[in-house]
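What follows is one chain in structure tokens, specifically the form predicted alone.
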Amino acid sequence: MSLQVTDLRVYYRTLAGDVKALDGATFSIADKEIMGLAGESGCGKSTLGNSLIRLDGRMRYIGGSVNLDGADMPIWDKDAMVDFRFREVSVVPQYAMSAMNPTRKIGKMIGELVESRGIKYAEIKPELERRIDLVGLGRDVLGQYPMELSGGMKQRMVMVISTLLDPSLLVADEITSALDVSTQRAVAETLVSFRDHGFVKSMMVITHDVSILYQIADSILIMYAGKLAEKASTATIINEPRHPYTQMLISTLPEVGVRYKEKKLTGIPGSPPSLLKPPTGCRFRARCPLAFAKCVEEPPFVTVDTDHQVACWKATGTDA
């Protein structure tokens, strides 16, 4: 087992009170598994990903545990996490195309980064060049500034840098959102190749675009309003979702060959609740077509089939 997260709670401090952005997440990612993390904007996806790397000044650790390869990660302690970041857990951040220092040539910037981790640049440069070759970039990028690269080239370069020390877990946050369709596919395929080459052991790919996950993910975890809704294999989530929110989310995806003059795309009525004062019980119940009296109680995130977990009274058959 690579990653085990248990009842993780991380809130945001605001003048109006705590925003309960991640409110009790329990799940695992196995070795060699690429897990997609999907849901509407504001559901807590990036908060979950960021909490595994570094809590910023707005984030407040409330409780729960994170275990990576048998070691507990002290995510609440930014200094103690230095030993884990980049070596054990790394990130391709949201807006990764702006992640590189614009005042440094790429090779110099990477040299400063690895030497801050006690590794000589000359020792790791041959492997760095090999990985640059693998992602289809020329080695001359090391002598260039980030502004000289296209968006797709920057994205692949950041992916190389993030995985240079072979972290066990890679968190990739919205890495295709600012790219054209053909470049999105190339970046997605690069992610899979990193796993296949052993550069990373497992991945969490965060996106609002489920169609990307359909291409690359082994499993998908669906979040809604700071809570986990459903986790299963990609095929199960796409073809046999059990949670009403997952079903409605998948139904909004366009189908190849369908003429939308004849069949209009549907959305999900309503909007997510405020996480300053989230509703009791199931947080989706105000928008759910299957909501009933028991939904005022919070449904547990339980196993309903092999490698399939759902948080819904109807889906788990406990709706009496």
Partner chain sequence: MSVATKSDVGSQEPTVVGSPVEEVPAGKARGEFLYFAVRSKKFLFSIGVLGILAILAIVGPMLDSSDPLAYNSTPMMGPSADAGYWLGSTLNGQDVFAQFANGLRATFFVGFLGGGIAALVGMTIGFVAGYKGGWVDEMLNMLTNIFLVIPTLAVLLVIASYLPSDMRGVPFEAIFIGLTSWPWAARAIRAQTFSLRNREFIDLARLSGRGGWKIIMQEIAPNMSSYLFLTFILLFGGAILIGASLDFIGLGPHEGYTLGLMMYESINNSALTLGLWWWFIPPGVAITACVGALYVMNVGLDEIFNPKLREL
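Residue numbers count along the first chain shown, from 1. If you're wondering where the values come from, they're calculated on a predicted model, not measured in any experiment.
From this point on, the text means the form predicted in complex with the partner chain, which you will not see here.
With the partner left out here, the partner chain still marks one of 68 to 76, 87 to 95, 155 to 163, 139 to 147 in the model of the complex; by a 4.5 Å heavy atom cut-off that stretch is 87 to 95. The partner chain in the model of the complex is not approached by A38, whose heavy atoms all lie more than 4.5 angstroms from it. In the model of the complex, G42 approaches the partner chain with a heavy atom inside 4.5 Å. In the model of the complex, T26 stays away from the partner chain, with no heavy atom inside 4.5 Å. Proximity of T280 to the partner chain in the model of the complex: non-hydrogen atoms within 4.5 Å are absent; the residue sits far from the partner. Residues of 8 to 33 placing a heavy atom within 4.5 Å of the partner chain in the model of the complex, in sequence order: Y12, L15, V19, A21.
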